[in-house]
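Starting off, we have a lone chain in the form predicted alone, written out as structure tokens.
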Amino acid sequence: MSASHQLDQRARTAFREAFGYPAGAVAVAPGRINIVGEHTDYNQGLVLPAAIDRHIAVGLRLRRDAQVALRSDRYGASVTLQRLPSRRQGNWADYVLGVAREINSRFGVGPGFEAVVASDVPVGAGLSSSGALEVALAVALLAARGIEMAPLAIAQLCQTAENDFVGARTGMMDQFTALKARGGNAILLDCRSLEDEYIPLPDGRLAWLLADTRVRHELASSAYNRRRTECEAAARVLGLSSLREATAADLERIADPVERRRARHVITENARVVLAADALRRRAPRGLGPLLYASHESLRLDFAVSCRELDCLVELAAGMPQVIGARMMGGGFGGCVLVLLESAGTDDVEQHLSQGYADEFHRSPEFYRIRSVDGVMPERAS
């Protein structure tokens, strides 16, 4: 069975154990990697993500009253509320509650529901566990209520919930990828026009490896929002609606040195996405190597979202002949390094990274060997 199907059954089993009757609808959504294009989506830029074989499943059934009861095998304590709250709770349930509230606001207030979450996506590793949770919940809840929505509209709904209710000012890359990914491909997504193109990933001679620092810095969420504010300030100085419209020639017009560095990252990162997509189209994946390293340096210096643990893993990877390229991935301040490498060298690279990381930090990173998969599995009623 695929991971998706295993999680589907896990969610069904857990739901029956928790509530004593079967789930009414189940949806399974994948996490993702982002090959290149970090902190560009909320600047209306370009991104190049792919869904991976780590998933979140939501089993759900509507109630006859307004109560909401949530259980999870990955997140913290169970949550039971007499009705959907108007304010966030400050825990994992906010992603569920925000999506449910957004559905209510668009389609009228529906009944309460019970939901069980089953997951094999590492939390806080930069693999979009939150986006996968939002999408799986949305697809299951919409199905239970008999509401049809196009994938793009669902992605936009989930992004609105994360921005407005959860308070994380993220772009739409994660939700879009969870809904529309195709195995064997990345998605070149233009976050301004919302046009997308499937880009073929390398064949089995190369592999993607995630090296998880197992560091979760508390400042990540607040710093993420601050970076977005700095980018918006830089765009305003240039008289632009977003940094997507900026060019390298505009940088000297930004007087504030911090805002100038943030803008430089966005401008150069968008260019790297274009080059990366072109290399993959030409079936020249080794051309990704310099782009991955350059992306990491830009995130480290211009966007200032790396940390010593991430830098260490990238430096260690760069010293291995089997490695094509590596960079930090995700919001920053911890999480994973994405490594593109020759498949035959995976064991050696893992051992080298593990030893070098342990020498400096006295603990080992965690490794995830991943492959690309399709987007959200259709909900299946019991």
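Given the structure is predicted, the values throughout are model-derived calculations rather than measurements. Sequential numbering from 1, following the sequence displayed.
The discussion below concerns the form predicted in complex with a small molecule, not included here.
Participant: Counting any heavy atom within 4.5 Å as contact, can you tell me which stretch out of 282-290, 252-260, 164-172, 67-75 lines the small molecule in the predicted bound form?
Facilitator: It is 164-172 that comes within 4.5 Å of the partner.
Participant: Within 4.5 Å, heavy atoms only, which of G330, G45, G325, P49 is in contact with the small molecule in the predicted bound form?
Facilitator: Flagged contact: G330.
Participant: May I ask you to check whether R54 falls inside a 4.5 Å heavy atom distance of the small molecule in the predicted bound form?
Facilitator: So R54 does not count as contacting the small molecule.
Participant: Can you work out whether W208 and the small molecule are in contact in the predicted bound form, taking contact to mean some heavy atom pair no more than 4.5 Å apart?
Facilitator: Looking in the predicted bound form, residue contacts with the small molecule do not include W208, since no heavy atom lies within 4.5 Å.
Participant: Please run the contact check for G334 against the small molecule in the predicted bound form: heavy atoms, 4.5 angstroms, yes or no?
Facilitator: Residue-level check for G334: no, no contact with the small molecule.
Participant: According to a 4.5 angstroms non-hydrogen atom cut-off, is W92 in contact with the small molecule in the predicted bound form?
Facilitator: Close contact is absent here: in the predicted bound form, W92 is far from the small molecule, nothing within 4.5 Å, heavy atoms only.
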